[in-house]
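Given next, in structure tokens, is a single chain: the form predicted alone.
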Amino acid sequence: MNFKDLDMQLLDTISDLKGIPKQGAINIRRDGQAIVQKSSPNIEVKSKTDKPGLTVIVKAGTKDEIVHVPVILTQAGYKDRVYNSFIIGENADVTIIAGCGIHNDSHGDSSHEGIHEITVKKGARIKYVEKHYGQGEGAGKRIFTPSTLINIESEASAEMEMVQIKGVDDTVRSTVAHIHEQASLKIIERLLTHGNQKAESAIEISIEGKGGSGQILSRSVAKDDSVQIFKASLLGKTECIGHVECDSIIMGNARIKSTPELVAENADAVLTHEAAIGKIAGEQLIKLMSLGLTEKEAIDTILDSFLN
């Protein structure tokens, strides 16, 4: 399969792929088609037969393997919907690199709707990284509507890193998690909006097993006239620990609404939250500019550090 420079630029941005790996499990989807699909001895990657999408099955006990499942859209005005299932076998330890990049030079909107279901079996560990990025000079929008349902079985753990880099005009993200006995989940969300962009993110974590823990860490920057809406809900049904932390930098005429919600259904559920929205501190700018940076360079440095 031949890849254009544009394809590789998008893949590099969303999944750090400088080329197509010769080893390991991988699935690359372009404009609705799986153009590269390969399994490894421990990880099976196969297309669904009843609807667009794929199923990834990781064998029990698999260690230190990476699965790449990026999506790119380069066809003008293309609207993509994909259903992905990930089953992580008992005591496995894997990293899944997902994400989607849209290039749209047309007047029609391009969109990607990713519907994901993740099952982390007993004692397994997963790191899931999903980056979204949009580019192109056309007036058409670049739209993302990802939804993820993750079920973490007893003594398993998951870390989800969800990043919106730039160029995304509209996004509505939904994440629902169920955490069982002695299991844990950490969600890290980093979000940048600019221009007239709008982003909504809703995360719901239900801690259902004794000794379970859930953590949501959100950092965002809203610039120009963009709008961000963030909702984080933690439900503790038994003895557990949960924490929500959301920090935002607001610039220009942007608007940010942050709504953390804690619900305890057990006296031994310990749930906490922190939230802060503010502008860049003047002393930070002055300090960096005194080192020779321009104001723009100083702002960019502060924002890069904050989001990373």
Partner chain sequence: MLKLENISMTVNGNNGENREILRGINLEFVPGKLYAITGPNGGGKTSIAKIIMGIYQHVSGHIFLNGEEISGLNITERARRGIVYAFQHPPRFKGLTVGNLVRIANPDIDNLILRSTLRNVGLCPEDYLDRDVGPGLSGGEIKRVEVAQVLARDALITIFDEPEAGVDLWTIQKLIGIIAEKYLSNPDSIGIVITHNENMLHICDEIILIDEGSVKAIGNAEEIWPLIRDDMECKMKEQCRGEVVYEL
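Residue numbers count along the first chain shown, from 1. All values reported here derive from a predicted model rather than from experimental measurement.
Note that the form predicted together with the partner chain isn't included here; everything after this is about it.
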{"item": "The partner chain contact at Leu17 in the model of the complex, heavy atom, 4.5 Å", "value": "no"}
{"item": "4.5 Å heavy atom contact, Asp64 to the partner chain in the model of the complex", "value": "no"}
{"item": "4.5 Å heavy atom contact, Glu239 and the partner chain in the model of the complex", "value": "no"}
{"item": "The partner chain contact at Glu283 in the model of the complex, heavy atom, 4.5 Å", "value": "yes"}
{"item": "Residues from 273 to 290 in contact with the partner chain (non-hydrogen atom within 4.5 Å) in the model of the complex", "value": "Glu283, Gln284, Ile286, Lys287, Leu288, Met289, Ser290"}
